[in-house]
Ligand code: BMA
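First, one chain by itself in structure tokens, the form predicted alone.
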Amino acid sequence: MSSREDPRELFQRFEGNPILTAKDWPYPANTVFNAGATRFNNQTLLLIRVEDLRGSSHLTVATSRDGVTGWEIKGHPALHPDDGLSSESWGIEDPRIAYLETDEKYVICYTGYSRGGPAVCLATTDSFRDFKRYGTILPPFNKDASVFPKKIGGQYVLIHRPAFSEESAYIWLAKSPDLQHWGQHGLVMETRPGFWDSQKIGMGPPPIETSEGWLILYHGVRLTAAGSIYRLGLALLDLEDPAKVIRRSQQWVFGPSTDFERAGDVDNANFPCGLVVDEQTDELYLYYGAADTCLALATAKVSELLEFVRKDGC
């Protein structure tokens, strides 16, 4: 039994938060937040959303030996919005990175934004210098997408979040033979009236494979008199059929509490897109955007997250 009875104690914030802000940037930026994360060349690599002074976003690489300090930020964007793609005309945002070992490549899902709304775009790379861009794979309104880090049943599997209306922003699943053409869409999780995730839900970082199932960290939004609050919850999906929810936490486990999380361009928003797991230590490093203004770090034990969703889930 875990000693952490209060779910808010599962994640420990890094005492030096925020780890990256616009003041650290080698070129002018309004805000830096919502980063995809992975291990690359024995370093932690972040692909960070950078909002420029026009209000348009692009993605820039930063690396660190320990994943905590000593960040080296590239002096130029890794991925610009594609000028030839109408769905990216207002910028690209919120990347999730999954490494597919069988393909020996990194798959990056990100949001392309335009007058038509948010759309799901995809690119692959093995270097984070050169990218193969697949363009828009799911049209507006859709976002919060990530591929699973391995094929399931011989197919690529994608979590995504279509929004057919303000009341139906749910988590869905799709499958593909080639990363380009997606079908077999199915509903995975809905919002829960009266709960902390009653307004809308969406995928956080890519799923984590465990012996008990795919552990996912998802964001839930509750609309209050003072505005929206973005918090984090847990769910466990079946390994062979990830459309099947085994357990889903009733309580949220991570939400805004510090000054830099509560006040910014978007108040009361903790929004994780990337994580790295150290399998030897069971440590999970969660990289999250705080108030759409800066980037912060929290850590947790994967075993404690699993124990909690077992105990609290339904």
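Predicted model, so just to flag it, every value in this text is computed and none were measured. When you see a residue number, it is the position in the sequence shown, counting from 1.
Separately, the form predicted together with the ligand exists; it is not shown, and the next lines address it.
Screening 269-277, 22-30, 250-258, 35-43 for residues having heavy atoms within 4.5 Å of the ligand in the model of the complex returns a single hit, 269-277. Contact check for Y230: a non-hydrogen atom falls within 4.5 Å of the ligand in the model of the complex.
When contacts are judged by a 4.5 Å heavy atom cut-off, E304 does not count as touching the ligand in the model of the complex. In the model of the complex, H160 stays away from the ligand, with no heavy atom inside 4.5 Å.
In the model of the complex, the ligand lies farther than 4.5 Å from every heavy atom of D197. Contacts of stretch 36-55 with the ligand in the model of the complex, defined by any heavy atom lying within 4.5 Å, are made by R49 alone.
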